[in-house]
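First, one chain by itself in structure tokens, the form predicted alone.
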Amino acid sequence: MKARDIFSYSFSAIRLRKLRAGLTTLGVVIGIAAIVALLSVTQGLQNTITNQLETGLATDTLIVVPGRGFFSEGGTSIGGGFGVGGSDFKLFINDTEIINSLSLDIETSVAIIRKNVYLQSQEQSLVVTIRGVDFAKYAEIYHTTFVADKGTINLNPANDEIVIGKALHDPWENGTLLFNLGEELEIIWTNTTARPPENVSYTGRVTAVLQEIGGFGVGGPSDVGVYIPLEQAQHFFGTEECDTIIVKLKTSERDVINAVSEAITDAYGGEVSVVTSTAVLNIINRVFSVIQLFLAGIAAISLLVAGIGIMNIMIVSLIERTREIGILKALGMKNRTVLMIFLGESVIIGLIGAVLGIGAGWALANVVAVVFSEGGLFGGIASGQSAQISNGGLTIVPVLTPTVLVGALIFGVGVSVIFALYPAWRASKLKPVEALRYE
């Protein structure tokens, strides 16, 4: 028989048993839908996080933090500053001069003092992370993001000037302002080194609101950032110690990044970690690859269950159609043709199930993305309450890659055919005389 005739006969056999074939196909649909939904949402989440990291991490900058990293990427240690290895090494503001002298490829560097404080106006009180920076150097390094949307960022600011992120000005984007341009804010910090601990404060004035940035703001400006002059931070917090030093390079070439990173690490005897944007992104991508593989494996279990169901249905169909097979073979049908008829049925079931599963999985992925994506940064912050500010929710856009699309089709059909091989082989080996005598 021709291939067209085989598939026509197989399709007719499926139509005669619509309910059974429909339930069998449903198993394939569920398995494929689970795989497509999980992988699409995971890929969308990966893209979202990667895009936000790329926004917050400039490719030509390095982030130097005290402490040994807990793992390395291309010779550059990642994750320092968490007390790994018991190190109590500290960075100081004048370390920028040491770093600047290490290589001709370093354009400039800026120290950052970071503390958690209360930011209080007449109506609002929020816990925020405040950063003391040199406005001129910070604007030079982040010239595309440390830009005022309202007001003016003075490169030689007075001690009472404050720059805030967009989300601290208009978090709900509906005209309801949290802190306004020109408003006087009280900054309250708890000095835990004093005995007893004491609250110290000073009043500053909002002179600029940054343009919307997006991203996580790792090292760089962020929508929830609060920035004060470095000298004021030194005086207010009573310290020369800094949490981070941002190093701007003259180029973003990988060889330069590795060479400068190694030079900085060696200069401090391995007591600092140098974080690069490429290292962070590579690590994120590797983690998500493992997550995708794990989720695909879990979803594939449901497809294997569907395959067992296909085998069961095919065996039942074989028993019911034993006399039919005997008649066909008595009329001269070859074993190979009988085998192809049963495999044709499995191919049709697998193909229909895979197509419907891809559609259902894509729809499910969009529903999951809508449910788990958060629309705002400060939902539930009531007027006059104190709240901890954190980076906001992520908007997940599911991504159905060609690899997932083609893989789902092949996997759905492949599982159907593999689990139908045994019943099809048994059908092809039936002897005509025994089949005709079967009741």
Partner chain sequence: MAPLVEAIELKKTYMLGKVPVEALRGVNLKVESGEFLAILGPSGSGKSTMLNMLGALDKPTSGKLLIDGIDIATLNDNQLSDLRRRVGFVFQFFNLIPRFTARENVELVMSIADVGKAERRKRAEELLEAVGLKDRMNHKPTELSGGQQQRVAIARALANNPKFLLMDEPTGNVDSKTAREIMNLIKRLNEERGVTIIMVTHDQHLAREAKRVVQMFDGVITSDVVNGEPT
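Because the structure is predicted, anything quoted here is derived from the model rather than measured. Positions refer to the first chain, counted from 1.
Same protein, other form: the form predicted in complex with its partner chain, not shown, and the subject of what follows.
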Any chance 4, 328 and 331 all have a heavy atom within 4.5 Å of its partner chain in the model of the complex? yes
Heavy atom within 4.5 Å of its partner chain in the model of the complex, from candidates 323, 205, 143, 235, belongs to 323
Single option in 285, 335, 176, 94 placed near its partner chain in the model of the complex, where near means a heavy atom within 4.5 Å: 335
Residue 422: touches its partner chain in the model of the complex, heavy atom cutoff 4.5 angstroms: no
Quick check on residue 418: any heavy atom within 4.5 Å of its partner chain in the model of the complex? no
If we define contact as a non-hydrogen atom of the residue within 4.5 angstroms of the partner, is residue 23 a contact of its partner chain in the model of the complex? no
Hey, which residues along 137-173 are within 4.5 angstroms of its partner chain in the model of the complex, non-hydrogen atoms only? none
